[in-house]
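There is one chain below, alone, in C-alpha cells, taken in the form predicted alone.
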Amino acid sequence: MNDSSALLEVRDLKLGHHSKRNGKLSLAVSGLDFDIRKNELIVAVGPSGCGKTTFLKAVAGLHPVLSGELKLDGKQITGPGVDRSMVFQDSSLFPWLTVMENIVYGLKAQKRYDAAGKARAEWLLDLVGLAGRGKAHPSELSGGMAQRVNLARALATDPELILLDEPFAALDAQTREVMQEELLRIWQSGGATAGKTAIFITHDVYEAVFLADRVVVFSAGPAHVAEIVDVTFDRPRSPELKRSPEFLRQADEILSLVMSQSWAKERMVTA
C-alpha cells in the first residue's frame, strides 16, 4: 500500500526481542506492511502476544527496528519525539503531582508552558470532564478519571499521532463503555483535538468497531497484517450503534478473523 496522504508508513517491518538469558532473538513482528492516513483512528486487534504492543512501542520510538521502514510524515522513526504521545493501560500519572501538574508535565518538559499552553491545559481539563478537579491528586481519582487525565496529558502537547495501548483494559465494564464514548466525543469534538491521528490497541473487537475508521487485524506472531477492515458507520457514533444488526455483523466478522489467527497460532505450537 502506498498512500500519498499517509502520516505513518510501515514497510516490511521487523521487530524482535533478545532473550536476557541466552541473547537469542525472538521475532515479534515480521513483514508488517500498511499505512495510516492523516486524521484516521486506527484500531489494531489480534491474538494475545502477537506483537501489537511491541509495534506501538516502536512507533513511539521506545523499541528498536530490526529492519524495514517506519516513517512518520516521511521521516524514519529513530526514537521518541514531541510529534507522538502515548497513553498506557495503567494510568502512569505522577502521584505526587496534581491533576493539572500531570497534564502540563509534557508542556513544561518541552518549555512550552506559556499563556497559550496554560489556556490549552485548562480547556483540556474541561474537555475531559474534570473541570474543577485540577488541584486533586491521582489518589483521589477513580480509574476512569485517571485515564481522562492521561488522555488530556497526551493531547496537551498537540502531537501529530496519539498512541493508546489498551487504555481501558483495567477498567470495569461500565466505566469502559463510558470511556469509549468519551474518547469518541473528544476525538470528534471541534477545535484542537478534532480528528487527531490515533492508533488504538485492544483485545475487544466490539470496542474496535465502535471506535475505528479501520481495524487492522494482526496475524499470530511474529505479526504481519492478516486483514484490514473498513468500518463505514457514520460519525458521530452513539452507544445505540452497538445494538444494531450491522454493527454486530461487522464485529462478528472481525472476531472470526482474530479467532482464525489464534487457531493458527495454536496449530503452530502443537505441530
Partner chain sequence: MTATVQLSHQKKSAAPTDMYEKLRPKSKRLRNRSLILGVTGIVLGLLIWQILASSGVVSSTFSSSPIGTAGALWTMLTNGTLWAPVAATLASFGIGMAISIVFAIPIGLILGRAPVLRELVDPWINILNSVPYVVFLPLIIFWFGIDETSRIVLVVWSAAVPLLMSTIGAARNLDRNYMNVATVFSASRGYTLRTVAFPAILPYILSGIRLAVGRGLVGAIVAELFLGAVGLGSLVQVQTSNFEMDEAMATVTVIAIIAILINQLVGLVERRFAYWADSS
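Only a predicted model underlies this, so the values are computations on that prediction, with no experimental measurement involved. Positions refer to the first chain, counted from 1.
FYI, the form predicted together with the partner chain isn't displayed, but the following is about it.
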Given that the partner chain is left out here, which of 62, 225, 241, 27 has a heavy atom within 4.5 Å of it in the predicted complex? 62
Any chance residue 139 has a heavy atom within 4.5 Å of the partner chain in the predicted complex? yes
Give a yes or no for residue 85: in the predicted complex, does one of its heavy atoms lie within 4.5 Å of a heavy atom belonging to the partner chain? yes
Quick check on residue 153: any heavy atom within 4.5 Å of the partner chain in the predicted complex? yes
Is it the case that residue 118, even though its partner is missing from this view, gets within 4.5 Å of the partner chain in the predicted complex, heavy atoms only? no
Would you point out which of 70 to 78, 103 to 111, 120 to 128, 175 to 183 contains residues with a non-hydrogen atom within 4.5 Å of the partner chain in the predicted complex? 103 to 111
With the partner chain taken in the predicted complex, which residues across 88 to 119 come within 4.5 angstroms through any non-hydrogen atom? 88, 90, 91, 92, 93, 94, 95, 96, 105, 106, 108, 109, 110
